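Only one chain is included here, represented as C-alpha cells and corresponding to the form predicted on its own.
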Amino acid sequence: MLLTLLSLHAFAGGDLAMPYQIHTLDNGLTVILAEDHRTDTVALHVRYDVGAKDERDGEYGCAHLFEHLMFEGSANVPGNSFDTWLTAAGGENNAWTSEDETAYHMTFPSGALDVALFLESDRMGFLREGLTAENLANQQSVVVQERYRYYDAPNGQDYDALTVLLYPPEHPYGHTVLGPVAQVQGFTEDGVHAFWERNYKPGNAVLSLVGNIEPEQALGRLRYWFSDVADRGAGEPILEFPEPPSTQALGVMEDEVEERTLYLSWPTVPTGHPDEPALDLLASILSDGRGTRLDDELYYDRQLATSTSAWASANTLSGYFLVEASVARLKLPKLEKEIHRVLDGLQTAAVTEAELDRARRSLRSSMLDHIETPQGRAGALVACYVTTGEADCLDADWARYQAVTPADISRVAATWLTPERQVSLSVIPNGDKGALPGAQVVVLP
C-alpha cells in the first residue's frame, strides 16, 4: 500500500520542484545553489556554452579536445594533479562534449568543497598556462586514438554517418563532435589558446552546486575561489545557420558486423519547440518494451528484428527523430516497409489514451530517477536555466507533456515523419548487398 501511495504521489505533479538560489558573480559566472542534507555528497556541474556547433572551419574537433585539455594542468594545478588531488579528497569527476555544450561534473564529500572549487576555478581562469606544446601533443594523440577505437568498434561509425546525412557541411551540426583526424592533429598552441579565450570564460558558463551545503556559506566560498577569475565577456552566439534539408537522403556503410541495421531519421524541431513533447512521447509509444507498437510488431510478436528502438533528440538549433532496427536475415527494403507500416498505423489506428498515459509514466519515471541524486539535480538545474532562463523548470516542462493529446501524436507523425523528408542509413556486413536501393556510400572525414 505504501509503495502504491508513493507511486500515486510521484505522478500527481509538483514533486519535480528543485528549490534553489541563483547568483551572478562579479566576473559574470552564473551559479545555482541547492541544499540537500540527506547525504554528505556534493555535486558540482559546470556547463560551457561551447560544443561542436561553435567550431570554425579548421578547428573541427577542438571542443572535444578541450574536454581532455581541461584535465592536463593549469597555472596552480600542474600535470594530472586535478584528478590526483580530487581523488585524494574522496571525489570523482567526468566530462562530456556534444554539439551544443561541454560539461564537467564532479562529486565529493562536503568537507572537500574548497578543494573542488579551487580546482574548478583554476582551470576556468588559468588554463592557458597548462596549454603547452607537450600537453597539446599528448591529448591530440589520446583523442585520435579514442576516435580510432570508437570507429573500429562494430557500429561505431553509425551516428557520425547519420550526422553527415542529416545536415549539410555548412550547418553548425554538419560535422562530427570528434572531428576529422587531420584537423585534430593540426591544432597549434596559438589555435587552442584562441579557442580557450573565445569560449572558456565565466560569462559563457553556468555552475551549480547541489548537496550537503549551506547556500550562503557556499556562495562565500565561490566568491573567494573565483574572485581572481577575470571577466572576459560573454560567449559569441551563432547568429545565422541554415535549416537542415527537408529532402530524402540515402546512405550505406559496410562494417565488421554480423547483422544488418537500418536507421530511419527525420529532421525535426529544436529544444523548446511546441512539438517537442509530442515527439518525445511518440518515441516511447513506438519503442519502450512489450506493449509498444514498433517493439511488438517487429520484435515480440513477429520476431522480424533482433532489436528495435526509437527516440527523439532536440538540440539548440535543430532536432531529429530516429527509428532503428537490426535484423539477422530480413532484407532492409522489407524492414523499411514494415517500419513504415507501423508509422502509417498512427493515422489509421489512432493512439489511445492508455498508450499516451503509459508513455507519460515512463518519461516521468526517468525524470524522477534523474533528479534523485545530487549529480542529477545539478545537471538538471543547469539545463533548465540554459534552456528556459529558470533553473527549476521541470514542473512547467512536465505540464507541456500532460497537455499532449492523441491527436497531437498523429499530427506530429504526419508532419515530421514523412517519406520525402526521410534520411536513411543502411549498415551492412562487409560484402553484403542488402542496403536500400539507391543508397550512396558514406565516407567520414
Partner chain sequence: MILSLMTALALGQGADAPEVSFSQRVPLEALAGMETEDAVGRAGPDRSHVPAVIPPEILTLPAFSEVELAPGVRGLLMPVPGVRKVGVSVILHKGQLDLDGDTTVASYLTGWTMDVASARWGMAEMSSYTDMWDLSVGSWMEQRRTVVKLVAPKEALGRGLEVLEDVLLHPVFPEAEIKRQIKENKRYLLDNGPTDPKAIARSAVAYGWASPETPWGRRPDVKEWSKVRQDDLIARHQAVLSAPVTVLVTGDLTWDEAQPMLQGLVSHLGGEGEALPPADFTPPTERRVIAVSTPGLGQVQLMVRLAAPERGSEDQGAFELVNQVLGGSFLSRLNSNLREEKGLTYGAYSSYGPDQTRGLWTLRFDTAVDKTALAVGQVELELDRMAEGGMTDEELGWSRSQLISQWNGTLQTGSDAHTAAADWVEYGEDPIVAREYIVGLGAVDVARSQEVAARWLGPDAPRVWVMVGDGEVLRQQLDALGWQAEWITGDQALLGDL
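Residue numbers count along the first chain shown, from 1. Computed from a predicted structure; not experimentally measured.
There is another form of this protein, the form predicted in complex with the partner chain, and it is not shown here; the text below is about that form.
Want to guess which of 73 to 81, 310 to 318, 164 to 172, 341 to 349 is within 4.5 Å of the partner chain in the predicted complex, heavy atoms only? In the other structure, the partner sits against 73 to 81.
Judged by heavy atoms and a 4.5 Å cut-off, are Thr188, Glu236 and Lys433 together in contact with the partner chain in the predicted complex? No, none of the three is in contact.
Here the chain is shown alone; which of Asn204, Thr271, Ser362, Ser265 has a heavy atom within 4.5 Å of the partner chain in the predicted complex? Among Asn204, Thr271, Ser362, Ser265, a heavy atom within 4.5 Å of the partner chain in the predicted complex occurs only for Ser362.
Let me know the one among Arg400, His37, Arg56, Arg411 whose heavy atoms come within 4.5 Å of the partner chain in the predicted complex, would you? The option sitting close enough to the partner is His37.
Indicate whether Ala89 is a 4.5 Å heavy atom neighbour of the partner chain in the predicted complex. It does: once the partner chain is placed as it appears in the predicted complex, Ala89 has a heavy atom within 4.5 Å of it.
In the predicted complex, does Arg149 come within 4.5 Å of the partner chain, counting heavy atoms only? So Arg149 counts as contacting the partner chain.
Any chance Asn27 has a heavy atom within 4.5 Å of the partner chain in the predicted complex? No - in the predicted complex, heavy atoms of Asn27 and the partner chain never come within 4.5 Å of each other.
Taking 4.5 angstroms as the cut-off for heavy atoms, does Leu250 touch the partner chain in the predicted complex? Flag for Leu250 set to no.
Counting only non-hydrogen atoms and a 4.5 Å cut-off, give the residues of 153 to 180 close to the partner chain in the predicted complex. Sequence-ordered list has one entry, Pro154.
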